[in-house]
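Next up: the same protein chain in two forms, each one alone, written as structure tokens (structure 1, then structure 2).
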Structure 1
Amino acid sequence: MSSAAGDSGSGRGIPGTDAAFSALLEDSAEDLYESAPCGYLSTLMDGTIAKINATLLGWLGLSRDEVVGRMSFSDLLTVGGRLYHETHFAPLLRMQGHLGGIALEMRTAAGPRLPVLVTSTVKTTEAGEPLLIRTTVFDATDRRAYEKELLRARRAADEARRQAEADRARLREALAVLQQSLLPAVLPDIPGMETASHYHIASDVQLGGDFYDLFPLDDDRFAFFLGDVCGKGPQAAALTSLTRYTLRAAALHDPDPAAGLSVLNTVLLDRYTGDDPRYCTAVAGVLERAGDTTHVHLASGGHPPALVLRGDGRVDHLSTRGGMLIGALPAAQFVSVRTALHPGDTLLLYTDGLTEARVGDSRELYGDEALESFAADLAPASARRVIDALTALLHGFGDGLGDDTALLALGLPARTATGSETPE
């Protein structure tokens, strides 16, 4: 029984284990020191090398006779490593008695540098006096290669980021120029009237699809329109361009707003067929000045209703319910409405980016009622004041404003007590 137990505890009876176990027992401490997978050396307190193992000598390509008693630890280091050792490593080691994981570079006899991680401990006498320094050296070649690869990858990523930012800046600049080409550079002066506009772009890297325009038909009449095409990007820009030029040409040929929307409907159905339908909403109209009054005739195709901020503080909602999307159906119907602007009145046109903004903690739609209430609090107001107030409102929506928004205001200045017109 005891013999069997002894065999089990020693590992005997398993083929090959006896020889391996015996070889392990025969390994001397000196062999373990000399052949360790890391470098060992011991130095006097002045740095003179007193002992060094074969592993480290092999890494450096030096013999024991060249090193022991003839060289100091700092002699094994590169110039930069020697400076760091003398100014940082050695003083800290004397103060603390131990330093671990310090990255240095050693010189080899063949020339290449050897990146290493060094850990040193000061051995002291029983009285606490420093006696010698024991140092362990680990080959950090693979780690250094890994760090260099990481650094290279980081630099490449930084360069790619800088290039992407530069490309993005160029794209923003190009898109801004193209976006401006889809809008009037300035609104024309209309005798006796005030005009103002604003365009909010939801994304600086994507073309918006909202549009507006104001232009003369003759000496007494001006045409206007404002709308929103489906989609974003280059296709939306192409649709916007086609829509603007079609409406301008149609108004010059026939100033009736509903007729112009019908022409646009036909053009879009003819241009965009098959599996890629394109449509838009729009409100178009004509202004005609008659003394102190400006007559407004407008028509809408699926667009939010225009508002009139009256000089007496009221807000009129110009309903065009029933107007259909433009470019969706061959027999689309468009609804017309007429009104008159008197001194102090301002006509407001807008796209649905304004009313579809998300507000509050519940992220509810801003909505038509909120806009009418905002306008009622503002009225009476000049065209410039209306646009400035709505621009501030848009900015206040923050990230709740996710769509492009176009604003156009046309107003008659209020009259003073003497009868002269005065801007607000």
Structure 2
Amino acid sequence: MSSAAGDSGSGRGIPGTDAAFSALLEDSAEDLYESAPCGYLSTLMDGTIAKINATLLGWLGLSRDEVVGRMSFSDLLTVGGRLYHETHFAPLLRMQGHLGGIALEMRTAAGPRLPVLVTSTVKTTEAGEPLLIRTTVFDATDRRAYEKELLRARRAADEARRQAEADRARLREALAVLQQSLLPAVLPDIPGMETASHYHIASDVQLGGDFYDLFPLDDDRFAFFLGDVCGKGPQAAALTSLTRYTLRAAALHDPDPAAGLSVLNTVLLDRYTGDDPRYCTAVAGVLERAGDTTHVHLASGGHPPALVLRGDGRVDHLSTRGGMLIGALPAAQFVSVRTALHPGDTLLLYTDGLTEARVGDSRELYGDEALESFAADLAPASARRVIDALTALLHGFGDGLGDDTALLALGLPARTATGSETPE
């Protein structure tokens, strides 16, 4: 750099430089203006064209006499371009004194339109008064064709996105309707009993795989079940549907809950054969009223134990250990258990979405023990209060709650006459 600095001004001694200089002398400012590879024009502030170069005249197919003093800049534009000029270009130029790279179309004498990119600058007097507008015009035929392609692609992408969003909304709506069909719309009224439920679906574009139901068998008896089929999505929904209606029909035929689970086991093995085994876990039971007491007979196949929040604050867990997965093996065994609910007692059924939620920084499983101690803190509590507390707990899990969760609580209200009402 330092060694070349001495003769950088003259360029003498470098081969070819002399020739370059003489060529430059031939390129007069006037000729540069007239024959520049872009269009030049100057207008008065009202737009009247005062000066225009030969290049632009050539592009437009106009003669200098037709243009200078007779036409204004916006006369050169298409009508739509003129509207744009008046509403955007001219005001911005007035406000900013400069405006660059505006895409417009010019009308040529021969007919075809000439897409151009226009840049304008306002020349002012020393006092700052605007004098005239200088404008350069570039032929943008190829660029505009390319931009039109981009715009077309963008519009197509926008349209596809809108379509996809609409499809997703429709899918969500259809799934919600289908999901509702797999659950009771409302729980039936059971005289002397309070019932409550909650259903959490992990994804709004997937059908949940949990189910529950509660329905009368006769005047004194009600049947219920709650369970979890393997998988998610349409196959799981089909399995849920089959499971729900099988358990309902079986309970009407034979109220023994273990018998109902056996029927379901047979049906699932029969329906899902070969390389597509489908199974579920479920707890099913019957409520039978006898005076102040309600007898519960329930059976479980591979499902987490039901809990009873007693009116005196204790929590029993109804162990059904040994009950096997439903739909996996032909000779599956199911385990029955009996208990009695007294005023103030609440039976809680849940799916493992609750106990397998991930909690805390270490993302540990919430677990059976935590649930039992949560229930112990809560007891005694009405069915509504149990469900409300657990719903709040589920919300608290946030994204740690990765699976669907079904909750069903059946409780006998505490006796009010003795003053031992369940605290709310």
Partner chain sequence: MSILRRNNVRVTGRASGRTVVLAHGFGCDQNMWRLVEPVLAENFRVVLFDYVGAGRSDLSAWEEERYSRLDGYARDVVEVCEALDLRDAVLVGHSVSAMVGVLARAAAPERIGSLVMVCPSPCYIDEDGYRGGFSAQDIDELLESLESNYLGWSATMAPVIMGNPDRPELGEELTNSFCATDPDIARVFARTTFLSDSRSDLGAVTVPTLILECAQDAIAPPEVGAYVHSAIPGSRLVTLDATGHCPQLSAPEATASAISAFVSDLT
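Residue positions are counted from 1 along structure 1's sequence. Basically, rigid core = biggest C-alpha set you can superpose within 1.5 Å across the two forms. If you're wondering where the values come from, they're calculated on a predicted model, not measured in any experiment.
- Note that the form predicted on its own is the one shown as structure 1, not structure 2.
- Treated as two rigid bodies moving between structures 1 and 2, the chain carries Met193 and Val79 on opposite bodies.
- When the larger part is held fixed by a C-alpha superposition, the smaller rigid part turns by 22° between structures 1 and 2.
- Taking the core as reference, the C-alpha deviation of Ala157 between structures 1 and 2 is 3.6 Å.
- In the rigid-core superposition between structures 1 and 2, residue position Lys148 carries a C-alpha shift of 5.6 Å.
- For Thr108, the Cα shift between structures 1 and 2 is 8.2 Å when the rigid core is held fixed in the overlay.
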